[in-house]
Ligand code: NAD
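Shown below, as structure tokens, is a lone chain in the form predicted on its own; questions about how it binds or moves come after it.
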């Protein structure tokens, strides 16, 4: 019998070998509403269900974790579902490299929880969910045929889940990939405009992050973005338009980094006429977070703000697009607060991606007021006003901004959808009853 430690320390490749040995192609860990614990689809995975049921950091009554092994490319296709009281779980699918299965599971749990809070705080009638595909290093991720097959299979996976989770674009996934998903399922958003979707959510996401920065500057009495130095960690889909918006706002200098040399070169060329510095960094090298600047904008992966990195931060404000920036929301939220750094919680600032695609099914109008209100200065629930409200309560109560935002979001997440109630969880229960793992 494998222990949880054994399985969690396995690399995805070794874990896939274990699944094949046990003849498991699909599995789930589903919440039992009476005990509050996760129940596995297979007895061989009971150790994982017990481990995460007892976890105090990342597991928060997640309603379901569904994982499927791809047919050809030894890739794990996952869907992590937090709460669905406000509606079906919604969040993008991430295609990323993981060193261990613990990294894989924890990333999915944290991302789903973050999406639930993001959706609730934005006033959207969606629950929290996230897709996670574990990249196989032996597979060419840039091969169009391979990507098409993988993402079409992910679409089939979405269809099999019967709508408890609706996927979208996220790190490592493109609009073209979303078209392949859409070819196999109706349970997706962020599809290309030519197929009736809202397209790439990166630009609105970047706009929302800028509004969070502007609110933090206003709150601290630091003026505007004009003349400021901003350090942007990551140079991907959201970071590149963010850099452009920062220069439009009059930023004095932008310093950015990425692990992909080609991306650094391409983005650097796009801003060659600006006061822009681009750096290549090695994977897991977080020294960039100590760059002297006015605002630090994490726009890559999560869990990068922790006891090792927070003491090195030289910025007065941290506000970026990356999800789950705090490794431990409670511990690290307190640590960054005690250091005197103004932290704008990620799920507050980066909401605009999901806002942009949340209501695709209701059609489009120019300058959609349901979208633009989130970017306005005066609407009560806009990024700007919500940031000011969270920062004010944090200062008044001497409480970390992360704790304030989490409390407000979790209260909203308990509200049930006005038409469908807690339907997402009922779908999960149906999947369990119908033995989804055997289909």
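Everything quoted here is computed from the prediction, not taken from an experiment. Positions refer to the first chain, counted from 1.
What comes next is about the form predicted in complex with ligand NAD, which is not displayed.
Ligand NAD contact in the predicted complex: residue 202, any heavy atom under 4.5 Å: Output for residue 202 is yes: heavy atoms within 4.5 Å of ligand NAD.
Contact label in the predicted complex: residue 233 to ligand NAD, heavy atom within 4.5 Å: Output for residue 233 is yes: heavy atoms within 4.5 Å of ligand NAD.
Ligand NAD contact in the predicted complex: residue 301, any heavy atom under 4.5 Å: Heavy-atom contact with ligand NAD at 4.5 Å: present for residue 301.
Interface membership of residue 153, ligand NAD in the predicted complex, 4.5 Å heavy atom rule: Result no; residue 153 lies far from ligand NAD in the predicted complex.
Site check 257, 260 and 353: each within 4.5 Å of ligand NAD in the predicted complex by heavy atom: Yes: each residue has a heavy atom within 4.5 Å of the partner.
Among the candidates 120, 161, 322, 210, the residue which, in the predicted complex, approaches ligand NAD to within 4.5 Å (heavy atoms): Selected residue: 322.
Interface residue in the predicted complex among 225, 281, 335, 293, criterion: non-hydrogen atom within 4.5 angstroms of ligand NAD: It is 281 that has a heavy atom within 4.5 Å of the partner.
Residue stretch of 308-316, 237-245, 173-181, 81-89 approaching ligand NAD in the predicted complex, non-hydrogen atom distance within 4.5 Å: The contacting stretch is 237-245.
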